[in-house]
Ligand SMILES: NC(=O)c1ccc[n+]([C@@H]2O[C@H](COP(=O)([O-])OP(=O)(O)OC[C@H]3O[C@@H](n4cnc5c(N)ncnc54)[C@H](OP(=O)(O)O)[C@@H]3O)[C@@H](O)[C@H]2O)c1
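In the form predicted on its own, a lone chain appears below as structure tokens.
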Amino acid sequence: MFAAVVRSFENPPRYEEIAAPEPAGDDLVVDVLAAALHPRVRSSADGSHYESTGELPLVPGIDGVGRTADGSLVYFILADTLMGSMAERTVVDPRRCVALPDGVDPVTIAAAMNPAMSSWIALRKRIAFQPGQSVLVLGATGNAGRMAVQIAKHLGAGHVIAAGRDPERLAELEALGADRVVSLGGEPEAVDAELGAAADEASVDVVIDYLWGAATQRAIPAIVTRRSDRGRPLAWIEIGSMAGLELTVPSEWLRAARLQLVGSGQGSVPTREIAAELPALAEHISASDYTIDAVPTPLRDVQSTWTKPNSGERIVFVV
């Protein structure tokens, strides 16, 4: 069979013929229909993800849509494995699969589930989120951030602020459910003032952060120092690190406001709890009219596609 194969962390995967996978125990072999190129997949393929073992060669891909031997359509999440989803076939654990209804678009499901899962799990499993609370999405113009705006509204957020740099994508977010948008692309002092004022006016309860690094280094004090009621709890959920991997946390941030810093990702939520959330999320995505910029791309084009500049669209490899 053919698959995308990583043989060096310095080079993109190549389309190669490899041996077909063999299932063990209760595992199943599925024909892969669609597998999305997420940031998490890229970090595994270049060895930079915190769960990376450094083993090569590997087939990238952490999830996808496939068809089982009996013809059932499923969305699956893979355990840490060298045999990922960017292949004609892969091995899946039935406990990590969700049956999909007939007629759904595999490309849409493959594109949406992973980015939607980030905010869905964060709000449902990492904090005690309550309907009516106010949410700020930091990094809202990325694919996961756009989904987070829509997910937060679906889960009952009373007010959603979307903050990001891309002006065109930012302008689209009000139609997707954002009550207010804030551009992060201006002069730093002006951005700090607008972001802090918007967060205070909405009495933000939760920040979903896809940026971290230098962006969050400015955003936290900008919001905390302008907070009218510093005793009001503020849950800051770190999910992504598009603006940097590290952050210096002065002690005054934690003493001067009721700030709770938590992370949400692989390891912070037990696998069984993530798996338990998949059916509801898959059903919701299947039944909802989400705006998803998915671009179906033949798997054989993986090497040339991998190195193209990121246009904000979600690449989905199809076999």
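Quick note: we count residues from 1 along the sequence shown, nothing fancier. None of the values given here were measured: they were computed from a predicted structure.
We do not show the form predicted in complex with the ligand, though everything after this point is about it.
A.B. asks: Work out which of 243, 78, 73, 155 lies within 4.5 Å of the ligand in the predicted bound form, going by heavy atoms.
C.D. replies: Exactly one listed residue reaches within 4.5 Å, namely 243.
A.B. asks: Ok, 125, 159, 165, 96: which has a heavy atom sitting within 4.5 Å of the ligand in the predicted bound form?
C.D. replies: For this set of options, the contacting one is 165.
A.B. asks: Give a yes or no on whether every one of 5, 53 and 90 sits within 4.5 angstroms of the ligand in the predicted bound form by heavy atom.
C.D. replies: Answer is no for this spot.
A.B. asks: Is there a heavy atom of residue 47 lying 4.5 Å or less from a heavy atom of the ligand in the predicted bound form?
C.D. replies: Outside the cut-off, so no.
A.B. asks: Could you tell me if residue 150 has a non-hydrogen atom within 4.5 Å of the ligand in the predicted bound form?
C.D. replies: Outside the cut-off, so no.
A.B. asks: Please check if residue 218 has a heavy atom lying within 4.5 Å of any heavy atom of the ligand in the predicted bound form.
C.D. replies: Close contact is absent here: in the predicted bound form, residue 218 is far from the ligand, nothing within 4.5 Å, heavy atoms only.
A.B. asks: Residue 226 versus the ligand, in the predicted bound form: is there a non-hydrogen atom within 4.5 Å?
C.D. replies: Residue 226 lies outside the contact set for the ligand.
A.B. asks: For the chain seen here without its partner, which of 96 to 104, 207 to 215, 171 to 179, 129 to 137 has a heavy atom within 4.5 Å of the ligand in the predicted bound form?
C.D. replies: Heavy atoms within 4.5 Å of the ligand in the predicted bound form occur in 207 to 215.
A.B. asks: Mind listing which residues of 135 to 160 have a heavy atom within 4.5 Å of the ligand in the predicted bound form?
C.D. replies: Counting only heavy atoms within 4.5 Å of the ligand in the predicted bound form, the contacting residues of 135 to 160 are 141, 142, 143, 144, 145.
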